[in-house]
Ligand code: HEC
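Just the one chain here, laid out as structure tokens, in the form predicted on its own.
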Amino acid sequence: MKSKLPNPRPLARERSDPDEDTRPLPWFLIMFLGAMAMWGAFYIYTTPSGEESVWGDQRTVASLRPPLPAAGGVVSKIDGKQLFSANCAACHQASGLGLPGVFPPFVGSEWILGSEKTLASILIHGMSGSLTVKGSNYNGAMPAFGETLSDAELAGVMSYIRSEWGNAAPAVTPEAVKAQRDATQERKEPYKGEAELKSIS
């Protein structure tokens, strides 16, 4: 009668599963990790905290605001180009050429290079209706920026668009913008077209 037990010969040829014995870390690695831990503790202990930081999160809102112009009408510290890019370029384009038939150009515009009182009034209160620029008629709406931009910022934008893209008109001071804001403080709505803008004195 034949045995039903498995043949022991194939089993004898198989090797047992590998078994990892306890292998301690090398002594130099243990010393290195200990030294790193001690250095980290020393660094944390000696690093000052709670002091004023130039670039850290401890900056105040006031320190993040751009510096205001000094007395005397210096507007160079206001970045008129950045303000133009953020508030105007979407319509009038970075080139200042506007969109034909939709948004008027700033390049060579009689409204940009003309009376600073009129330009300040447009920016402060906005306008809607018909406007002729360089012989072409535009019929749209210009938002008011009097509530969102300060006198210095409006002066910076005005000075930028009056001197960019080949334009050559004098810079505008914050005092001039404030004077026009005060002179038109009773107005609560945008100007209605160029006929009303021409009446500004």
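Keep in mind it's a predicted model, so treat the numbers as computed, not measured. In case it trips you up, residue 1 is the first one in the sequence shown, and so on.
Just so you know, the form predicted in complex with heme C exists too; it's not on screen, but the next bit is about it.
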Distance check, His92 to heme C in the predicted complex, heavy atom within 4.5 Å: yes
Non-hydrogen atom contact Met142 with heme C in the predicted complex at 4.5 angstroms: yes
4.5 Å heavy atom contact, Val133 and heme C in the predicted complex: yes
is_contact(Val172, heme C) in the predicted complex, heavy atom dist at most 4.5 Å: no
Per-stretch contact check against heme C in the predicted complex, the hit in 38-46, 172-180, 133-141, 25-33 (non-hydrogen atom, 4.5 angstroms): 133-141
Within 4.5 Å of heme C in the predicted complex, all of Pro104, Leu123 and Met127 (non-hydrogen atom): yes
